[in-house]
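In structure tokens, the next block holds one chain alone, the form predicted alone.
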Amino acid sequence: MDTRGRVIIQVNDLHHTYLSGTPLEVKALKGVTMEVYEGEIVGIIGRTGAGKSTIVQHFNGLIRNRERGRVVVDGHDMADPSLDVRTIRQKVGLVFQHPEQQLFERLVGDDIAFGPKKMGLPPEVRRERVRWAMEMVGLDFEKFKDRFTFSLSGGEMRKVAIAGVLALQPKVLILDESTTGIDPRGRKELLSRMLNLNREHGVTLVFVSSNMDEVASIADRIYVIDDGRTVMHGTAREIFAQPEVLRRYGLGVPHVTTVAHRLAQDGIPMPRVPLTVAEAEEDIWKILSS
């Protein structure tokens, strides 16, 4: 029985060309199809230049589809010229690869409050939105709200940028390589908080990453993009059970999954394709016990 929620983002045969009709024309998307269900975590993987960022920028109207294909977000056709994309951007938040570049206010609290202020929310509501968003990313409200934005560390800036998107309380949060450049401990904490946001608050997550271990640990389903096309999709376990296919698309598998495949080649198959160290430990104990 399928327990997934309704489709909140639907992409059918999407094509996109940058600088169309010029000598610098680049066909970035050549037929992408995918669905994102309400409340799930979807991973999007592919080698550099595959078109991943171009896809997710269609989800909140940064790019409007004018060519072949269709994008529907929360029931709205993104190609509809009468559509007010501001309403979509309140529902679908996008955090870029270097989100600290999104910061511009002098004080942390003001930066996070910018979106709610533009929505016309009263000061007391804005303050609670900021407090909640900072709590979600692990920033103490009283300690950080009056800090100078550009006095923060890189990891703290990353959290402020994400909090600024969360303050809009979007239904969907897109993280486009947003853990890149953060130290391992910081990445682990951020992923844990994003999982909590999904599980406790029902926020749908779209996670674009080149880190296979991270994708495996967080994603319910995965889409593989290559040369502007959808070439694979399935659960994380289904995708990472096919290392040879992924290798053809310039991708690897999580480190622990690599070990499991090598054990299977040596005649020691594991009961499943492990995606995390915890799963591998559990399965190895089962093998040893038997």
Partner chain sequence: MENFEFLRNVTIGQYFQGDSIIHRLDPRAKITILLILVVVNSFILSFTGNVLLLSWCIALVLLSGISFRFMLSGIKPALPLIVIFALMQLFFYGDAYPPYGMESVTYWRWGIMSITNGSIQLVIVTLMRFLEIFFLVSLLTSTTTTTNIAYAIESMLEPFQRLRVPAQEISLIGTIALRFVPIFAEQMEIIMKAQASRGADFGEGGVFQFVKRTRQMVTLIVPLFVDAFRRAEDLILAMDARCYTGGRGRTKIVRFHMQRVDLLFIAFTAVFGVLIMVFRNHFPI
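The term rigid core refers to the maximal set of C-alpha atoms that superpose within 1.5 Å between the two forms. It should be emphasised that the depicted structure is a prediction, and the values quoted were computed from it without experimental measurement. Positions refer to the first chain, counted from 1.
Just so you know, the form predicted together with the partner chain exists too; it's not on screen, but the next bit is about it.
With the partner chain left out of view, the stretch that reaches within 4.5 Å of it through heavy atoms in the predicted bound form is, among 259 to 267, 228 to 236, 33 to 41, 57 to 65, 57 to 65. L168 is the sole member of L190, M212, V73, L168 with a non-hydrogen atom lying within 4.5 angstroms of the partner chain in the predicted bound form. Screening K118, K143, H201, R185 for any heavy atom within 4.5 Å of the partner chain in the predicted bound form leaves a single hit, K118. Although the partner is absent here, G21 lies within 4.5 Å of the partner chain in the predicted bound form, judged by heavy atoms. With a 4.5 Å cutoff on heavy atoms, Q102 counts as touching the partner chain in the predicted bound form.
Taking the partner from the other structure, the partner chain in the predicted bound form has no heavy atom within 4.5 Å of any heavy atom of R147.
Looking at D111, you'd find a heavy atom of it within 4.5 angstroms of the partner chain in the predicted bound form.
Using a 4.5 Å heavy atom cutoff, none of F207, A241 and R248 lies near the partner chain in the predicted bound form. Once both forms are overlaid on the rigid core, the distance between the two CA positions of E105 between this form and the one not shown is 2 angstroms or more.
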